[in-house]
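Taking the form predicted alone, here's one chain by itself in structure tokens.
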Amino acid sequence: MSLSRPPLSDYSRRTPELLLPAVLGGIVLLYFAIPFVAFLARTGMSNIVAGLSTPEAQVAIRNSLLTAPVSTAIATVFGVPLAYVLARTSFVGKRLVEALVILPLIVPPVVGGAMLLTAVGRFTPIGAAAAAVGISLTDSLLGVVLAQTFVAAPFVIITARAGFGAIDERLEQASRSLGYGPLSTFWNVSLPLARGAIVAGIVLTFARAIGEFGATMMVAYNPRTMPTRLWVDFIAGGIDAIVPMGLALLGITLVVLAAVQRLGRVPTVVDE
């Protein structure tokens, strides 16, 4: 049975109803677009290649490309199992766990960095113990990873949980009835079915990690990453000085956007 298209008169009747939402939505879209256009318009005033070829910029780019994948991997390895548990089980304290997952998203990054310092700073028991064996948890690449993971990990947890929650549990039950254990079912059934949401979450986590500034500035202002280098350049030379590094970060963002679009829509969180 074929579905006929609504008559054109239906669209014309709906047009007045959608006019106000369209205008309001257009205003916010314009608000989003103008800063991008204005920023890109300044690229002609800067030597992009020269700006990204300085030793300081090269070090910042290298540090970001080293730490962001590590942070993303840590968030994925530990976050995806947590997402599965949250999607499939109910337990005492679950709401508290959910709140802890969301907390890094709503806490200002600078405050998140301060919280990390109170936990792993050099004068804390954890920081002092690490320093005693020659490991610095602050002002180091490890500190950058800690800051990035703290603020970025919720993205993969939330999206993976949504992906697991969208799976029909009967498929997992069928796997169990065929003799597969919980781990085998998770690996062979649940994980492949939620793959799109998980990969989208990984991509978003990477984007958040590589662009993290506030928490990184608090925990590891040195060595420089791309965002902290951008801030130093802005203080020293104003807006034009940050165009090369800003354009590089914008390029990474556009690649992430294309990847997420390629993977499809990120599902919404599903509560059982």
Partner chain sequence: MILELEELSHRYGTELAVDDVSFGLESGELVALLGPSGCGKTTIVQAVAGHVRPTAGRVVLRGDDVTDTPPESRRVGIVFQQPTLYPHMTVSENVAYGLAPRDIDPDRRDELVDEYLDLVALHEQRTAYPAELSGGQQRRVELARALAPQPDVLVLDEPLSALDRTLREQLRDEIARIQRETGVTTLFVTHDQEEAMALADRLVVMNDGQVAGVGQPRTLYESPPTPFVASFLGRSNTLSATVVDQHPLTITLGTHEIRLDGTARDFSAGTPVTCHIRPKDLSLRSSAAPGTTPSLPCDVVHVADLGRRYDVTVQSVTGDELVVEQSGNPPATGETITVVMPQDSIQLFGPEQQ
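Positions refer to the first chain, counted from 1. Since we're looking at a predicted model, the values are computed, not measured.
Not pictured, yet referred to below: the form predicted together with the partner chain.
Think of it this way: in the predicted complex, the partner chain has a heavy atom of just one of 74, 162, 189, 107 within 4.5 Å, and the residue is 189. Proximity of residue 89 to the partner chain in the predicted complex falls outside the 4.5 Å heavy atom cutoff. A residue is said to contact a partner when one of its heavy atoms sits within 4.5 Å of a partner heavy atom; residue 176 meets this definition for the partner chain in the predicted complex. Within 4.5 Å of some heavy atom of the partner chain in the predicted complex lies at least one heavy atom of residue 171.
Contact annotation for residue 134: none of its heavy atoms lies within 4.5 Å of the partner chain in the predicted complex.
Comment: 190 to 198 is the region of 96 to 104, 190 to 198, 75 to 83, 141 to 149 lying near the partner chain in the predicted complex, near meaning a non-hydrogen atom within 4.5 Å.
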